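Just one chain is shown here, as C-alpha coordinates, and it is the form predicted on its own.
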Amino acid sequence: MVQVNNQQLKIRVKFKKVGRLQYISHLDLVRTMNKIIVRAGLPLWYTEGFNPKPKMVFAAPLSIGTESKTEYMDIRLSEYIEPEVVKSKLNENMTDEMQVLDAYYPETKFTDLKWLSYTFVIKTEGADALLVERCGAALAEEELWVLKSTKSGEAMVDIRPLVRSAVCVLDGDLLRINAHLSADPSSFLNPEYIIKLLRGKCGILSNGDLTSEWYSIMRERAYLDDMTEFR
(Lines give C-alpha, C1' and ligand atoms only; values in the text may rest on other atoms or scores of the structure.)
Protein backbone atom coordinates (compact mmCIF):
# COMPACT_ATOMS: atom_id res chain seq x y z
CA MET A 1 0.00 0.00 0.00
CA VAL A 2 1.27 3.47 -0.90
CA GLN A 3 2.36 5.56 2.06
CA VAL A 4 0.80 9.01 1.64
CA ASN A 5 2.84 12.01 2.83
CA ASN A 6 0.45 14.74 3.92
CA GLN A 7 3.16 17.38 3.43
CA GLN A 8 3.35 16.58 -0.30
CA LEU A 9 0.03 14.89 -1.08
CA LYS A 10 -0.05 14.14 -4.79
CA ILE A 11 -2.52 12.08 -6.78
CA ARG A 12 -1.86 10.88 -10.31
CA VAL A 13 -4.60 10.93 -12.93
CA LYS A 14 -4.35 8.88 -16.11
CA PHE A 15 -6.71 10.11 -18.81
CA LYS A 16 -7.46 9.87 -22.51
CA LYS A 17 -7.68 12.74 -25.01
CA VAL A 18 -9.11 11.63 -28.34
CA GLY A 19 -11.31 12.75 -31.23
CA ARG A 20 -11.61 16.49 -31.75
CA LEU A 21 -9.62 17.18 -28.59
CA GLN A 22 -6.44 16.10 -30.41
CA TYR A 23 -6.45 19.60 -31.91
CA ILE A 24 -6.23 21.56 -28.66
CA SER A 25 -2.79 22.75 -27.59
CA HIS A 26 -1.07 21.76 -24.36
CA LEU A 27 -1.65 25.29 -23.03
CA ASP A 28 -5.38 24.93 -23.76
CA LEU A 29 -5.34 21.56 -22.00
CA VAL A 30 -3.75 23.10 -18.90
CA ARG A 31 -6.38 25.85 -18.83
CA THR A 32 -9.19 23.34 -19.33
CA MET A 33 -7.91 21.00 -16.62
CA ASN A 34 -7.55 23.89 -14.21
CA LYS A 35 -11.27 24.63 -14.59
CA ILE A 36 -12.22 20.95 -14.39
CA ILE A 37 -10.39 20.20 -11.15
CA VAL A 38 -11.81 23.33 -9.50
CA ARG A 39 -15.37 22.49 -10.60
CA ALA A 40 -14.89 18.91 -9.36
CA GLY A 41 -14.62 20.25 -5.82
CA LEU A 42 -11.42 18.38 -4.96
CA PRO A 43 -9.46 19.42 -1.84
CA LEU A 44 -6.79 21.24 -3.84
CA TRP A 45 -3.52 22.69 -2.62
CA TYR A 46 -3.01 26.23 -3.95
CA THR A 47 0.16 28.18 -4.60
CA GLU A 48 0.76 31.22 -2.43
CA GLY A 49 0.89 34.83 -3.61
CA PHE A 50 -1.46 37.31 -5.27
CA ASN A 51 -2.82 34.78 -7.79
CA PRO A 52 -3.18 31.36 -6.08
CA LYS A 53 -3.47 28.43 -8.49
CA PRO A 54 -3.93 24.67 -8.09
CA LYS A 55 -0.70 22.73 -8.50
CA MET A 56 -0.80 20.52 -11.61
CA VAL A 57 2.06 18.81 -13.46
CA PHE A 58 1.75 16.94 -16.77
CA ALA A 59 3.97 14.21 -18.19
CA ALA A 60 5.16 14.23 -21.83
CA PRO A 61 2.91 16.97 -23.27
CA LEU A 62 1.07 15.78 -26.35
CA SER A 63 1.59 17.33 -29.76
CA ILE A 64 -1.39 18.84 -31.59
CA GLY A 65 -2.95 16.25 -33.91
CA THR A 66 -2.02 13.22 -31.81
CA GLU A 67 -4.67 11.29 -29.89
CA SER A 68 -3.85 9.53 -26.64
CA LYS A 69 -5.12 6.80 -24.33
CA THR A 70 -2.23 7.47 -21.96
CA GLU A 71 -1.96 10.97 -20.52
CA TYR A 72 -0.77 11.68 -16.99
CA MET A 73 -1.37 14.58 -14.65
CA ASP A 74 -0.29 14.92 -11.02
CA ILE A 75 -2.49 17.09 -8.78
CA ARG A 76 -1.37 18.29 -5.36
CA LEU A 77 -4.08 17.96 -2.70
CA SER A 78 -4.55 19.54 0.70
CA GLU A 79 -6.00 16.37 2.22
CA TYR A 80 -6.41 12.69 1.40
CA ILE A 81 -9.30 11.61 -0.83
CA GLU A 82 -10.04 8.14 -2.21
CA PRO A 83 -8.75 7.72 -5.80
CA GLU A 84 -12.09 6.40 -7.06
CA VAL A 85 -13.80 9.53 -5.74
CA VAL A 86 -11.27 11.69 -7.63
CA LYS A 87 -11.89 9.71 -10.82
CA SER A 88 -15.67 10.00 -10.49
CA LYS A 89 -15.68 13.73 -9.68
CA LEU A 90 -13.38 14.58 -12.58
CA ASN A 91 -15.31 12.49 -15.11
CA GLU A 92 -18.54 14.24 -14.15
CA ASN A 93 -16.97 17.43 -15.52
CA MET A 94 -15.41 15.96 -18.67
CA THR A 95 -16.64 14.99 -22.15
CA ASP A 96 -16.61 11.55 -23.76
CA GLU A 97 -13.45 12.52 -25.63
CA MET A 98 -11.55 13.24 -22.41
CA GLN A 99 -12.12 10.83 -19.54
CA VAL A 100 -10.10 9.72 -16.50
CA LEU A 101 -9.11 6.08 -16.86
CA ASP A 102 -7.33 5.67 -13.52
CA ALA A 103 -6.41 7.64 -10.40
CA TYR A 104 -3.92 6.61 -7.72
CA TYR A 105 -1.22 7.85 -5.34
CA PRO A 106 2.00 7.24 -7.29
CA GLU A 107 5.25 5.64 -6.24
CA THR A 108 7.11 6.83 -9.36
CA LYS A 109 8.20 10.23 -10.65
CA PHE A 110 7.52 11.57 -14.13
CA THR A 111 11.27 11.40 -14.76
CA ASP A 112 10.91 7.60 -14.49
CA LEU A 113 8.83 7.59 -17.69
CA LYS A 114 11.17 6.50 -20.51
CA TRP A 115 9.15 5.07 -23.41
CA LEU A 116 5.77 5.64 -25.04
CA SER A 117 4.09 3.36 -27.58
CA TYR A 118 2.24 4.74 -30.60
CA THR A 119 0.06 3.35 -33.36
CA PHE A 120 0.31 5.10 -36.74
CA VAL A 121 -2.40 4.48 -39.33
CA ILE A 122 -1.47 5.81 -42.77
CA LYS A 123 -3.66 6.04 -45.87
CA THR A 124 -1.33 6.66 -48.80
CA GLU A 125 -1.23 5.93 -52.51
CA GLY A 126 0.56 2.74 -53.49
CA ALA A 127 0.12 1.05 -50.11
CA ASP A 128 1.17 -2.53 -50.76
CA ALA A 129 3.55 -5.19 -49.48
CA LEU A 130 6.49 -3.57 -51.27
CA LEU A 131 5.87 -0.19 -49.60
CA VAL A 132 5.57 -1.92 -46.22
CA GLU A 133 8.93 -3.58 -46.83
CA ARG A 134 10.52 -0.25 -47.79
CA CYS A 135 9.10 1.50 -44.72
CA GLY A 136 10.23 -1.33 -42.46
CA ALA A 137 13.73 -1.23 -43.92
CA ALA A 138 13.88 2.56 -43.52
CA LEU A 139 12.89 2.35 -39.85
CA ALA A 140 15.44 -0.42 -39.25
CA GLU A 141 18.45 1.53 -40.54
CA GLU A 142 21.35 2.07 -38.14
CA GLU A 143 20.97 5.84 -38.47
CA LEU A 144 17.71 7.80 -38.82
CA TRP A 145 18.53 11.36 -39.82
CA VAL A 146 15.74 13.94 -39.85
CA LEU A 147 15.57 17.74 -39.78
CA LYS A 148 14.59 18.37 -36.16
CA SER A 149 13.67 21.53 -34.28
CA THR A 150 16.06 22.18 -31.39
CA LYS A 151 16.48 24.99 -28.88
CA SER A 152 19.10 26.56 -31.13
CA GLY A 153 17.10 26.15 -34.36
CA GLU A 154 16.72 23.38 -36.92
CA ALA A 155 19.40 20.74 -37.32
CA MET A 156 19.85 17.29 -38.81
CA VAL A 157 19.58 14.82 -35.93
CA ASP A 158 19.96 11.05 -35.78
CA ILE A 159 16.84 9.85 -33.95
CA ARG A 160 17.90 6.19 -33.98
CA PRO A 161 18.63 6.13 -30.19
CA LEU A 162 15.12 7.53 -29.60
CA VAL A 163 13.35 4.72 -31.48
CA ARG A 164 13.36 1.51 -29.46
CA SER A 165 11.30 -0.43 -32.00
CA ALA A 166 9.09 0.18 -35.03
CA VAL A 167 7.12 -2.47 -36.93
CA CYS A 168 5.23 -1.73 -40.15
CA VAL A 169 2.45 -3.98 -41.51
CA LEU A 170 -0.19 -3.78 -44.25
CA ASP A 171 -3.78 -3.61 -42.96
CA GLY A 172 -6.05 -3.74 -46.01
CA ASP A 173 -5.13 -0.59 -47.94
CA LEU A 174 -3.57 1.07 -44.89
CA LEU A 175 -0.08 1.11 -43.46
CA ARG A 176 -0.01 0.45 -39.72
CA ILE A 177 3.10 1.14 -37.65
CA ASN A 178 3.56 0.22 -34.00
CA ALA A 179 6.50 2.04 -32.43
CA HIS A 180 8.11 2.64 -29.05
CA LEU A 181 9.61 6.12 -28.88
CA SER A 182 11.62 7.98 -26.26
CA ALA A 183 9.63 9.82 -23.57
CA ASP A 184 12.66 10.99 -21.59
CA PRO A 185 12.34 14.76 -20.99
CA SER A 186 15.93 15.29 -22.18
CA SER A 187 15.37 13.33 -25.41
CA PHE A 188 11.63 13.26 -26.07
CA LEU A 189 10.71 12.26 -29.64
CA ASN A 190 7.65 13.81 -31.24
CA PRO A 191 5.95 10.96 -33.20
CA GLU A 192 5.50 13.33 -36.15
CA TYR A 193 9.19 12.77 -36.92
CA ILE A 194 8.40 9.15 -37.87
CA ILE A 195 5.99 10.47 -40.49
CA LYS A 196 8.56 13.04 -41.61
CA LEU A 197 11.22 10.36 -41.94
CA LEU A 198 9.01 8.10 -44.08
CA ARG A 199 7.88 11.00 -46.27
CA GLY A 200 11.50 11.64 -47.17
CA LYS A 201 12.72 8.05 -47.48
CA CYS A 202 9.66 6.25 -48.87
CA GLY A 203 7.53 8.96 -50.46
CA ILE A 204 4.40 8.36 -48.39
CA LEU A 205 1.68 11.05 -48.25
CA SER A 206 3.23 12.83 -51.23
CA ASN A 207 0.27 13.92 -53.38
CA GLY A 208 -1.06 16.60 -50.98
CA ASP A 209 -4.72 15.51 -51.37
CA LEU A 210 -6.15 15.28 -47.85
CA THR A 211 -9.25 13.48 -49.16
CA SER A 212 -7.25 10.55 -50.49
CA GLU A 213 -4.22 10.54 -48.19
CA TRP A 214 -4.16 10.98 -44.43
CA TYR A 215 -2.68 9.61 -41.23
CA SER A 216 -3.52 9.33 -37.55
CA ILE A 217 -1.36 8.83 -34.47
CA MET A 218 -2.56 7.29 -31.21
CA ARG A 219 -0.43 7.19 -28.04
CA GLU A 220 -1.16 3.83 -26.47
CA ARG A 221 0.92 2.97 -23.39
CA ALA A 222 3.74 4.23 -21.19
CA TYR A 223 6.76 2.34 -19.87
CA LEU A 224 9.70 2.49 -17.49
CA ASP A 225 13.21 1.96 -18.83
CA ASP A 226 12.91 -1.84 -18.40
CA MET A 227 9.63 -1.78 -20.39
CA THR A 228 7.39 -2.51 -17.40
CA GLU A 229 4.26 -0.39 -17.35
CA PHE A 230 4.64 3.13 -15.99
CA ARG A 231 2.31 4.08 -13.14
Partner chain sequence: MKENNFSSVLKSVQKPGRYIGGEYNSVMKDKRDVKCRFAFAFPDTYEIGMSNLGVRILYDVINKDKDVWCERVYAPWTDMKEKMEQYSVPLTAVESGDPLSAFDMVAFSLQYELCYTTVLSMIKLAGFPIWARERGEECPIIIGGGPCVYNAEPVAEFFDLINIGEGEEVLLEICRLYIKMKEEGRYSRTDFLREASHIEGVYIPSLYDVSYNEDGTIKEYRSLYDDVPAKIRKRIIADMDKAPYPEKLVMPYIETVHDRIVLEVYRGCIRGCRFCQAGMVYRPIREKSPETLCKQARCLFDNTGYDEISLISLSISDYSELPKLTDDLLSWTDDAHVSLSLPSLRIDSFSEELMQKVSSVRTGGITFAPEAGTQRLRDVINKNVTEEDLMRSVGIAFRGGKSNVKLYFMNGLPTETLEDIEGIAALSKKVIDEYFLLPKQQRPRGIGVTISVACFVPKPFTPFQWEKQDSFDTLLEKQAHLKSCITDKRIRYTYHDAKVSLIEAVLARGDRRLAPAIAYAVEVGATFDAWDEYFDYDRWISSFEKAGVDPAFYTTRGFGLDEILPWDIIDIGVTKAFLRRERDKAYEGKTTPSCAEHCSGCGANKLGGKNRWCK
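Residue numbers count along the first chain shown, from 1. Predicted, not measured: the structure shown is a model, and the values here were computed from it.
Another form, the form predicted in complex with its partner chain, is not on view; read the next lines as being about it.
Inset, instruction - Within 4.5 Å of its partner chain in the model of the complex, counting heavy atoms only, one of 92 to 100, 111 to 119, 68 to 76, 139 to 147 shows up; tell me which. - result: In the other structure, the partner sits against 92 to 100.
Inset, instruction - Check each of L170, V38, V167, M56 and return the one that places a heavy atom within 4.5 angstroms of its partner chain in the model of the complex. - result: None of the others qualify; the residue that does is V38.
Inset, instruction - Find out whether any non-hydrogen atom of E220 is located within 4.5 angstroms of its partner chain in the model of the complex, and reply yes or no. - result: No, no contact at 4.5 Å.
Legend entry - Partner proximity in the model of the complex: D28 to its partner chain, non-hydrogen atom cutoff 4.5 Å: Flag for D28 set to yes.
Legend entry - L21: touches its partner chain in the model of the complex, heavy atom cutoff 4.5 angstroms: Yes, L21 sits close enough to its partner chain in the model of the complex that at least one of its heavy atoms falls within 4.5 Å.
Inset, instruction - May I ask you to state whether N190 is within 4.5 Å of its partner chain in the model of the complex, using heavy atom distances? - result: It does not: once its partner chain is placed as it appears in the model of the complex, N190 has no heavy atom within 4.5 Å of it.
Inset, instruction - Could you run down 196 to 213 and flag each residue that has a heavy atom within 4.5 Å of its partner chain in the model of the complex? - result: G208, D209, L210, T211, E213 sit within 4.5 Å of the partner.
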